[in-house]
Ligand SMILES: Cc1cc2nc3c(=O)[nH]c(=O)nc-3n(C[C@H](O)[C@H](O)[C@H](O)COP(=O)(O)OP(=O)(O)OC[C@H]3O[C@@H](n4cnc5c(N)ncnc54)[C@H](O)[C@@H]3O)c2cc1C
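This document opens with one chain alone, in structure tokens, the form predicted on its own.
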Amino acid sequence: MVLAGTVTHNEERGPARPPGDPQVLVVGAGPAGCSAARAAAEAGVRVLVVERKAVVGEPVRCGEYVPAPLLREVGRGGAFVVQPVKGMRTILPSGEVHTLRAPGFIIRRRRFDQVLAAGARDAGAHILLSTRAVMGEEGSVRLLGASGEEWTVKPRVLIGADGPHSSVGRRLGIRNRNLLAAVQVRVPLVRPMDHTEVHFLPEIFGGYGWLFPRGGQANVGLGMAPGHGGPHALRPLLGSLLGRLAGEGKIRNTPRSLTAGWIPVRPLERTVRGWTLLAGDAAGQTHSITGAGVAQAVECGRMAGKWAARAVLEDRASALAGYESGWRDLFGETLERAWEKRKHLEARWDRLEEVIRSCWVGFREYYA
């Protein structure tokens, strides 16, 4: 096992296990997990984060755009910023282009995650990489290292921040079935861009294609609802989108770094049960229309860590209800509106040009 010791690729070798059972165990070292770990450790409890991947932040499954306010909250001098963007252009099937001013940044998501991991470590949390968590009985968790190490811990609070197919969620009997399939590649840009682009096309059912500039390159991808050609339809549709963008003189159609994954599009009805809670993608805290989730993951992770520490220090599971009500007070209305808009959009997809203005955040009608 490896301890995450720096924000770069170089992880320092450490002991196979930190001393003593953790009071808070976090499964997953993404933005939600690392934010939770930092908040809990700062509150004075023993925190262990386990991550099945060998390197924090890899592989990158993200468009890598974040809104400007998040950068100020995370701080660390913006070591992960690639470039600023001024706004977003929405391109409709008819070819109409609508521009929205939306300041933000394109980031190196790998570096961003590692900065958050370093913040958690600096606060006192231990992070073990190449480690799987297997849920056991009566609150126990078996930890399995890539080199064969194995031991069992029994944390007071368990935080599941392990993505849309959360193993912690399955332990609670919770499975998020509202997911979009997504695929993305990296391509060279013909010339620099200072806006993101979102492309709505009839064939990308319930989703959209995107072009997010990152210096001399761009992330190009698409996400769509399953059941309309299945996952096998993603690559041909991506190839068509790449051809379209190359034909418009925006990119060179020489894709590399293909990644794919799933995006939750509906928040779970319940994210706390007993001494266990879920955060980030594991809780479905992503925006149902845009698929954006990094900002929510960071903030909800912080709340998860804060309330987990309080539950430990006060020795009462009921304290975790503060997390459930807290994140819903902050994001619940926005996410529920997005979910209702998604249902409306999918039900009328054959009238996409007509309904998109009331169903996409780039238009004023969305907020009416």
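Position 1 is the first residue in the sequence shown; the rest follow in order. What you are looking at is a predicted structure, and each value in this text was computed from that prediction instead of being measured.
As for the form predicted together with the named molecule, it is not shown, yet the points below apply to it.
J.: Spell out, yes or no, whether the shortest heavy atom distance between Glu324 and the named molecule in the predicted bound form is within 4.5 Å.
T.: Result no; Glu324 lies far from the named molecule in the predicted bound form.
J.: Although the named molecule is absent from this view, report whether Lys53 comes within 4.5 Å of it in the predicted bound form, heavy atoms only.
T.: Judged by the heavy-atom cut-off of 4.5 Å, Lys53 is in contact with the named molecule in the predicted bound form.
J.: Is there a non-hydrogen atom of Phe80 within 4.5 angstroms of a non-hydrogen atom of the named molecule in the predicted bound form?
T.: Taking the distances in the predicted bound form, the answer for Phe80 is no, it never comes within 4.5 Å of the named molecule.
J.: Should Cys62 be counted as a contact of the named molecule in the predicted bound form, where contact means heavy atoms within 4.5 Å?
T.: So Cys62 counts as contacting the named molecule.
J.: Pick the stretch from 256-264, 148-156, 234-242, 93-101 whose residues have a heavy atom within 4.5 Å of the named molecule in the predicted bound form.
T.: One stretch meets the cut-off, namely 256-264.
J.: Even though the named molecule is not shown here, does it sit in the predicted bound form so that Ala36, Gly44 and Gly119 each have a heavy atom within 4.5 Å?
T.: Answer is no for this spot.
J.: From the list Arg132, Arg252, His228, Arg273, which entry has a heavy atom within 4.5 Å of the named molecule in the predicted bound form?
T.: Result of the distance check: Arg132.
J.: Though the named molecule is not shown, can you say which of Leu211, Ile204, Ala182, Val115 has a heavy atom within 4.5 Å of it in the predicted bound form?
T.: Going through each option in turn, the one that passes is Ala182.
J.: Using a 4.5 Å heavy atom cutoff, which residues in 158-174 contact the named molecule in the predicted bound form? It's fine if the answer is none.
T.: Going through 158-174 in order - heavy atoms within 4.5 Å of the named molecule in the predicted bound form - the hits are Ala161, Asp162, Gly163, Pro164, Ser167.
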